[in-house]
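Read the single chain below, which is given as structure tokens and is the form predicted alone.
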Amino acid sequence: MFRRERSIPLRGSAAALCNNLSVLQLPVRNLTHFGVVHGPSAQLLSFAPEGLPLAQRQLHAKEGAGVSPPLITQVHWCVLPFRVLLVLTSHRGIQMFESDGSIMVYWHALDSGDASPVQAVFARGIAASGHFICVGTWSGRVLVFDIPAKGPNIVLSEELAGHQTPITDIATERAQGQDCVADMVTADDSGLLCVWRSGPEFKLLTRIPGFGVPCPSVQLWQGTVAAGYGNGQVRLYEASTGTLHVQINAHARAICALDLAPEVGKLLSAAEDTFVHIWKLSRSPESVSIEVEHCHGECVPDTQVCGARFCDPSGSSFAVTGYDLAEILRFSSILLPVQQKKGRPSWPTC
């Protein structure tokens, strides 16, 4: 069970973009960073458990050719083995900052040469894999940047061609040194999923066909792809083979965000139907199939939810943003005894 905590006020509101919330937890400093996009700017907030924002910063998209300021499409913290970078994508290009947004270390302008005059040019979908940062584009290509341990000498090392429509989201997980392991998945507007093995050269392992609706958000957990679709469904696939394990009619409207708490296998889904659901994923030891248990449902009344993230790896708290909502809503778990055994409470496992 979760309860509503004190909200975090925003200077502006959240734009109606899928995955419009990024969270970075810094346990050593007991701080949590939040990033939200609104039009041509992104707002960064640092938050402490005491309940008050400690700092706020606004970042703006770098202006290229054109008369109007470029719109930001996503902001996301990428945790690499040796540093953390904040990546901002827009209709002009890709910007990378130090984790607090104070210094821009890299700028990549998008090449619109192949785009038709009526086609929107943008980057969207951000994830870190090893010492690489991968960013999706409007053309369906995924740009792979090689990140040094320090400094601005970032190099575009590869372009992945697996999609024909704009990338919507990218998810990764650590391969833990295993060969031929699927550790990255990319999704696009057609609902197609491409599963990759990362490395000095990325390799396409399998394609999971779409079925006529976009896939705005994906996650990857222990070799399982969790995909959220525009029809409100969540589907779980085996990453290496594309086999469908589970199909959940999770929401009444389009899903806008998925997130995972990797330590406990909790999956968060948020959609335009004002609901946020939390699911518990587990693998059956006998059949090696995926089992799903519904843990919690939270309604955010009169709000078009556009972003939702867990705030810690154990999934004990989460945050939500909504279109035209000038605050970040926070929720934290409450342990309630479900029954008494010999005078001692027994706690829910989900």
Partner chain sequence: MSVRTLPLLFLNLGGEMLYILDQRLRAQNVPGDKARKVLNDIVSTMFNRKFMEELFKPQELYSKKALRTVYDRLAHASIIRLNQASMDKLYDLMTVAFKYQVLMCPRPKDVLLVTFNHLDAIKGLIRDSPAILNQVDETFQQLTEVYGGLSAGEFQLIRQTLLIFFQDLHIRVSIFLKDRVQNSNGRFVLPVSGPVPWGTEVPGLIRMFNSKGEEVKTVEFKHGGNYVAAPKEGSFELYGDRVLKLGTNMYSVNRPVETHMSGASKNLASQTQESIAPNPLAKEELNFLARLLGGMETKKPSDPEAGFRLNLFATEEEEEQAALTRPEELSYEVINIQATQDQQRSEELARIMGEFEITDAPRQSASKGDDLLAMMDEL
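Numbering follows the first chain given and starts at 1. None of the values given here were measured: they were computed from a predicted structure.
One more form of this protein should be noted, the form predicted together with its partner chain, which is absent from this view; the next part is about it.
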> Of these, 226-234, 153-161, 201-209, 96-104, which stretch puts a heavy atom within 4.5 angstroms of its partner chain in the model of the complex?
Replying inline: 226-234
> Which listed residue (Leu59, Cys311, Leu45, Ile290) meets the criterion of a heavy atom within 4.5 Å of its partner chain in the model of the complex?
Replying inline: Ile290
> Taking its partner chain in the model of the complex as the reference, which of Leu143, Ile248, Cys194, Leu85 has a non-hydrogen atom within 4.5 Å?
Replying inline: Ile248
>> Please tell me whether the candidate spot formed by Ala15, Leu244 and His294 is one where all three residues come within 4.5 Å of its partner chain in the model of the complex (heavy atoms).
In response: yes
> Might Leu24 be said to contact its partner chain in the model of the complex, defining contact as any heavy atom within 4.5 Å?
Replying inline: no
>> If we define contact as a non-hydrogen atom of the residue within 4.5 angstroms of the partner, is Leu71 a contact of its partner chain in the model of the complex?
In response: yes
> Applying a 4.5 Å heavy atom distance criterion, does Val79 contact its partner chain in the model of the complex?
Replying inline: no
> Contact between Phe132 and its partner chain in the model of the complex at 4.5 Å, heavy atoms?
Replying inline: no
> Can you name the residues of 260-280 that have a heavy atom within 4.5 Å of its partner chain in the model of the complex?
Replying inline: Glu272, Asp273, Thr274, Phe275, His277, Trp279
